[in-house]
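As a starting point, one isolated chain is supplied in structure tokens, in the form predicted alone.
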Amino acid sequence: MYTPMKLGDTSEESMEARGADPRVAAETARRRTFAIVSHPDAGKTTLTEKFLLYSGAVNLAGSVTARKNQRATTSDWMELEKQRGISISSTVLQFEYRGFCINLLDTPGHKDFSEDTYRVLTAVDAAVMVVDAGKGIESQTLKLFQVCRQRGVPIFTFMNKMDRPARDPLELLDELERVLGIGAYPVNWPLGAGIDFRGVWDRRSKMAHLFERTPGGQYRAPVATAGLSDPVVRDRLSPGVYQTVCEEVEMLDGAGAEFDPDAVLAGKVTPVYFGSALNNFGVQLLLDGFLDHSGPPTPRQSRSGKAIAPSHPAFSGFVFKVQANMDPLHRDRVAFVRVVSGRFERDMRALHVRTGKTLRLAGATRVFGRDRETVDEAYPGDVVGIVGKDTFAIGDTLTEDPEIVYDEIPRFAPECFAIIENPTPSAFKRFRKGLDQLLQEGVIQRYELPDLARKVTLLGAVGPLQFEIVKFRLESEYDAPSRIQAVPWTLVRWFDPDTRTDGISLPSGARLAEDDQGRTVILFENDWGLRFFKEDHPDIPLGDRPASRGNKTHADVAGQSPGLT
């Protein structure tokens, strides 16, 4: 294991003298860490489950719309997720396939859970974007793509539900390039669509993969391969569909665009695959193609401006997610850490940068949905769950090298607010404990309205569904009833720490409040109130995020919080 250096002994010569561990290099090279993102109902969680099926991680894939007597999807472990059939919390799944160690992060698609998804995207090295072929690029897909592009994350596209009525594939490609502003290279091409869907033509191998429906989509779809001119293919397609497919494939081949792996890794071109996740078709082609053309773990930027490569001999990582009550029997708390460099070992000691304390990293687990197992070691690209550390918060850096500090996690301004109260005095302790733990997950933010006769807790969230989740979880996980009251504010802005707020005039409906760190904020009912305040107080800067670690408040720039403004 890496021997911690003395503070300041971080010269390149010193690091080189310690040398990179060849085992770390070998393990890092076979890691692939990615997220699956999409608009709600595009098939993201279904695709996640089918990746597990084809890798051998599970033997029977669960259906998102399964009946109660069928198994639930592996990635949707929360009770409310099972009831609603949607992903509410991002999930980490690690499995082996083709000699690769894959860290797959399933994310919520609903816009009300955008902030959780954005944080997950800081922990991955690539993304698979699922598009409903019948609908094309939808609003949430666009927002998530923009976040990926801003971070330089390579994107692989899966055109899902080709066995249902779908848009023309050439239109879908054009929309990808026109709306997303990225090159699109179709790795395979659909042989028909909807009731005429018969499979895909792999442009690189020059082989046809023929589609057969499978009972409930629970088992691997049988696949036959043949050349496009093979009678087996011609007999499967109607004459009109066959002629159209031949013309489209000829046009694509004649366009002269070659597959460029470097452009894919640079995020300039997205490989496009067609298929049906529900019926297991095209899933293995996508999974194999992703592993062939995605890259190993990438460096992360330290606050000093230096890029920390996976080969850096010191262990380092950052907390990108905190989840309470994954094991309801123990009311535990898991902090998910993305390993950036070096080797993680169970019970090792590392610096917790925010507090300045050196901690023993016990309780390390590998998470597979709700299941977990003890982790003895982990490598760059891996995600490790640390159980039971109440001191860990989203954005924290853990490291053996005190010169490494990560600022990976963005914090966005809420757009919805509500007052939460405890209507049952006898349950107050449970209510307060549960609310405190849920707040630590970072999907809701707490504010105080100090000028009222009684102390009132105000919650802020990206979307109103988060308040329903909080209410449900307080009652189901902590036996603590709560009452939620909507309020009219839709915007929050932070003052610079040096700004004096006493005596300032506020527009109608605006209120001063304090965030969870005691920083003064101003709440507005609408954009008009914000504009009025700026015109009335042009010398008072406002930020759409709080000042971070001694810096001034982030400038209030339109579009600075992608997908949340």
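Not measured: the values here are computed from a predicted model. Numbering starts at 1 and follows the sequence shown.
We do not show the form predicted together with guanosine-5',3'-tetraphosphate (G4P), though everything after this point is about it.
In the model of the complex, no heavy atom of Asp515 sits within 4.5 Å of guanosine-5',3'-tetraphosphate (G4P). In the model of the complex, Ala35 stays away from guanosine-5',3'-tetraphosphate (G4P), with no heavy atom inside 4.5 Å.
Heavy atoms of Ile522 never reach within 4.5 Å of guanosine-5',3'-tetraphosphate (G4P) in the model of the complex, leaving it off the interface. At the 4.5 Å threshold, heavy atoms of Ala42 reach guanosine-5',3'-tetraphosphate (G4P) in the model of the complex. Screening 288 to 296, 420 to 428, 159 to 167, 172 to 180 for residues having heavy atoms within 4.5 Å of guanosine-5',3'-tetraphosphate (G4P) in the model of the complex returns a single hit, 159 to 167. Residue in contact with guanosine-5',3'-tetraphosphate (G4P) in the model of the complex (any heavy atom within 4.5 Å), chosen from Leu191, Leu105, Leu278, Val233: Leu278.
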